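Coming up is one lone chain in structure tokens, specifically the form predicted on its own.
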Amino acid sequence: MRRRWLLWLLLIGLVAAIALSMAMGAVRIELGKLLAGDSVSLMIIKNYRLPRTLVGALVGAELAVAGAMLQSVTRNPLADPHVTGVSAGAGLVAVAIFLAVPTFPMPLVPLAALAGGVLAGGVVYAVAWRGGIHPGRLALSGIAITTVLAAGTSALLLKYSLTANAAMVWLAGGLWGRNWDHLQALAPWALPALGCAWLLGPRIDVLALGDDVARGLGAAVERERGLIMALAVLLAASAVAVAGPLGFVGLVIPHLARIVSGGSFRRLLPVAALLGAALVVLSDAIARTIFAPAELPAGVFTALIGAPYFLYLLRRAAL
């Protein structure tokens, strides 16, 4: 009963965040005008704010769930989607397209970035494989591959420094210009993947107990870990492909969800998804309002929220 009320409360909070996002921005939408059928207000919401907000909600849910999966499987409280190299891979591909192939069709950039993120995640997994995957080796491999890919991105930005504005905006992470086309491109990846993550909840709980215990319970540890890692990479890569590398969502939200819901992944997943969606939606609303009509990337605000908590985790872990 408590869990049901918690989910309803979080769902109401997400709906409130979406409603707030509809109202905030360079043009403030008043409820009275909206109810009266004001054509300008309806046009702004329908064509700009609603699709952008829904994209943000899906991106936040994907990053939070991917982070929760990685933290559970690797048994590392500091793991997040960036550890797998997904963000760096998607970022390198997107920057290369923006700078080196300016005639590349813009609607295909997220798909290309998705491919880059998935490929980078596969390389990290392959490098970490030694007849099996050790969580520590996976994290170190991810850091190494991410460093190499980030160096490549920096080299491109230096080479094309005079035309790097679009790439820099994408790398900051945000939802500027996201529309119904982006939502249609993201939803077919996000919704089935989130559903599969929920179905894999019991297997994730078993792996979180440790490899020896999981084998004792009859789990095929490496196969299960590979499947879960692949799904986490897909979730993170599709989110990063559309919104850029939004920092700290996949790190902070799983911890908050675990505090609220407990350790079971099937209980944790919907809580993490709702909290992640609300965080990104609110961050984007603040980003486009605080200095309106100028707009900041939403990644600035997710980082401002997440960085202090990250430092707290480092201190608590005595690293």
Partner chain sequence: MTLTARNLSLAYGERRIVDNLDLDIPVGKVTCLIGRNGCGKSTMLKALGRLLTPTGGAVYLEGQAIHTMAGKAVARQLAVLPQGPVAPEGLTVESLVRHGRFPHQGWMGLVTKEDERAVTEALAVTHLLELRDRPLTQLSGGQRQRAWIAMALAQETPILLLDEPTTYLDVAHQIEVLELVKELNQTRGRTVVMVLHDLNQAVRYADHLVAVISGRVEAEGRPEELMTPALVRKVFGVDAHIFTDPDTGKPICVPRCLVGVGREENAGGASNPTGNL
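Model, not experiment: these values are computed from the prediction. Positions refer to the first chain, counted from 1.
The same protein has a further form, the form predicted together with the partner chain, not shown here; the description that follows concerns it.
- Contact with the partner chain in the predicted bound form, defined as any heavy atom within 4.5 Å, is confined among 120-128, 183-191, 208-216, 91-99 to 208-216.
- The partner is absent here; in the predicted bound form, the one residue of L158, I143, A151, L199 having a heavy atom within 4.5 Å of the partner chain is L199.
- Shown alone here, R75 lies within 4.5 Å of the partner chain in the predicted bound form, counting heavy atoms only.
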